[in-house]
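A lone chain, given as structure tokens: the form predicted on its own.
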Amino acid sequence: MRINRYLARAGVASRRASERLITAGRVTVDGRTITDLGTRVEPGEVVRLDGEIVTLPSSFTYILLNKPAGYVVTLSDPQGRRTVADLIKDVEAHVVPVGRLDVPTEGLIILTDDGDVAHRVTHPSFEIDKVYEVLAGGVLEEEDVRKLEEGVELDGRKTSPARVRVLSRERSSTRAEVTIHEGWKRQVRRMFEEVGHPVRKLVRVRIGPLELGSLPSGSWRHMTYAELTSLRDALGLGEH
């Protein structure tokens, strides 16, 4: 197993952040300082980060959480705001949230200590769908839908094409389902603002094959074996 993948699977950091630790000379394998990202870790070799032994967990934990509005997607917050860690206090494993939802956004969050899964869910190159239900102000016209689906300019870059399905139109609001596979900061909100329809409520209802379903707001549960199998298949990870 490559050293950066080893560190990611151990939950030390994302694969990219692990690469920075390696090139900074902070990682050793059997006492040898490693800076080559192509270095492989063989069974029985001892990996250390800053002198501390890094081991792979014998099994990983996979949590699905329905995040309520008002919580920060992090394990600690210097401003003292409520975090998703407050909602999973009875989870013994050191899981971390995969990706982000901004504070007012609700819905599905994965938390895990499996670095490979976390990396592939969040990296846009794997094109894992994230599906949101949106309540937007005003009536979303077909021209607005077309613009969203083709991609809109944000910070000088164009978003990848989205899939938009209008669920209902009222006199002063529209409900829609939006599917993207990127994860820019406040992306869905900013996309709708760009076409003149500010978001009033935003809920993530699906990540890849995983659905929010009837999980109550603020509650969590372990991922089922079938869910994990379907997720790993979608991520190209195969059997587990």
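Note that residue numbering begins at 1 and tracks the sequence as displayed. All figures in this text were calculated on a predicted structure; none of them were measured in a lab.
A second form of this protein, the form predicted together with a small molecule, is not displayed here; the remarks below concern that form.
inquiry  = If the cut-off is 4.5 angstroms on heavy atoms, which of these, Asp102, Glu141, Asp77, Glu149, is the one near the small molecule in the predicted complex?
reply    = Checking each option against the small molecule in the predicted complex, the one that comes within 4.5 Å is Asp102.
Answer option from Arg186, Lys201, Arg26, Arg175, heavy atom within 4.5 Å of the small molecule in the predicted complex = That would be Arg186.
ask   = For the chain seen here without its partner, which of 47-55, 29-37, 187-195, 209-217 has a heavy atom within 4.5 Å of the small molecule in the predicted complex?
value = Only one stretch passes the 4.5 Å heavy-atom test: 187-195.
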